[in-house]
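The data below hold one chain only, encoded as structure tokens and taken in the form predicted alone.
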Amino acid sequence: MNLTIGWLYPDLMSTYGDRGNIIVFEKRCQWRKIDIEVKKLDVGFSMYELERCDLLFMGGAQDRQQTIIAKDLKDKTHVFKDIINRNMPGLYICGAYQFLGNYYKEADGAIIPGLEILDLYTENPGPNHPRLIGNILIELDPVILGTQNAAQRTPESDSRQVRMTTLVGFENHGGRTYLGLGVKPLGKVKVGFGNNGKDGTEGAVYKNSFGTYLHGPILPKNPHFADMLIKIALERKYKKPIDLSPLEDALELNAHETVVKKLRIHI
């Protein structure tokens, strides 16, 4: 088996160590003898390159970078939207997550148009409102959790199953994101702020696309989430059920559980 990951705008959209997520994808595939190729899709990439990918990833950035990307994607939006609507899996972090929505309203009122793929919008309320910063713990949406449990069909201990119900990370964003009716949240905030600090939601799920504010990067401490994305990508490509071989994840899961225990003190 082989997998091609399209890393969208690696130089512009990689503010918070997002390369770590690519490394996790690479290693977890290599350890399973899955051939993996990472294609860096920089400004000016062709739609042909995008079509050849099996899994997409785009990280976070600031407003200026998003403006540059908006111009680059102007003539590609319809193809990008079509690819996502055809269930190509993808992970979109912070700025990339915002960019999939209808628009981003800057603190000065300027509007950065989004791709209008996800029914959501983001607004920055300005300097009188603090940034949403800190460690975050979310409880996954039950539908997502069901997909994840199916991603690793091997006997697991109860403690492992508990770990698989949560995601941990670090958030740092001024924008407040609000979901429309056609988008489900990735999970519920147990500790932290999430999408907007008000409604208790974090992230968004649309078809096989996952948006989230979790930096850190997100995947090293959440290997179950990485495996879910790998599994979805392989099953879509090969059009058959895929059972990923189990890996020795004690270090990763202990890191996850350590964060969970520390954060639960604040609940």
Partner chain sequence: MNSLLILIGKTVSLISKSLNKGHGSTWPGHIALSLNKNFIKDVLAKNPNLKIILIAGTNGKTTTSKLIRTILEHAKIRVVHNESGANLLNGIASVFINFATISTYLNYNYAVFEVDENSLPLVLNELIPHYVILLNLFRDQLDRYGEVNTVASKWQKAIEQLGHKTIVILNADDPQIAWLGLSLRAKRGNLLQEEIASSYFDKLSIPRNDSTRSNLLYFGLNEKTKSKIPQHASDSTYCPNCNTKLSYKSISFSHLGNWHCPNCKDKRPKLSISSVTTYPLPGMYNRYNTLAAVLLCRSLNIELKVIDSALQDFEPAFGRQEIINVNSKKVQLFLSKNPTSFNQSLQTIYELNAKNILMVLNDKIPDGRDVSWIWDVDFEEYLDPQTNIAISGDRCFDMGVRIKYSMEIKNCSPREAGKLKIEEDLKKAINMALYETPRTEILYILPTYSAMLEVRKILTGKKIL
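The structure displayed is predicted, hence computed values, not measured ones. Residue numbers count along the first chain shown, from 1.
There is another form of this protein, the form predicted together with its partner chain, and it is not shown here; the text below is about that form.
K.L.:
Would Gly90, Leu181 and Thr201 all count as contacting its partner chain in the predicted bound form, using a 4.5 Å heavy atom cut-off?
P.N.:
No.
K.L.:
Can you pick out, from Ile68, Ile242, Ile34, Val38, the residue that has a heavy atom within 4.5 Å of its partner chain in the predicted bound form?
P.N.:
Contact residue from the list: Ile68.
K.L.:
Tell me which of 130-138, 99-107, 117-125, 79-87 has residues with heavy atoms within 4.5 angstroms of its partner chain in the predicted bound form?
P.N.:
Among the candidates, contact is made by 130-138.
K.L.:
With a 4.5 Å heavy atom cut-off, would you call Lys231 a contact of its partner chain in the predicted bound form?
P.N.:
Close contact is absent here: in the predicted bound form, Lys231 is far from its partner chain, nothing within 4.5 Å, heavy atoms only.
K.L.:
Indicate whether its partner chain has at least one heavy atom within 4.5 Å of a heavy atom of Lys262 in the predicted bound form.
P.N.:
So Lys262 counts as contacting its partner chain.
K.L.:
Is Lys27 a contact residue for its partner chain in the predicted bound form, using a 4.5 Å heavy atom cut-off?
P.N.:
Answer yes; at least one heavy atom of Lys27 falls within 4.5 Å of its partner chain in the predicted bound form.
K.L.:
Cys53: heavy atom within 4.5 Å of its partner chain in the predicted bound form?
P.N.:
No.
K.L.:
Determine the residues of 201-220 with a heavy atom within 4.5 Å of its partner chain in the predicted bound form and present them in sequence order; the list may be empty.
P.N.:
Contacts from 201-220: His215, Gly216, Pro217, Pro220.
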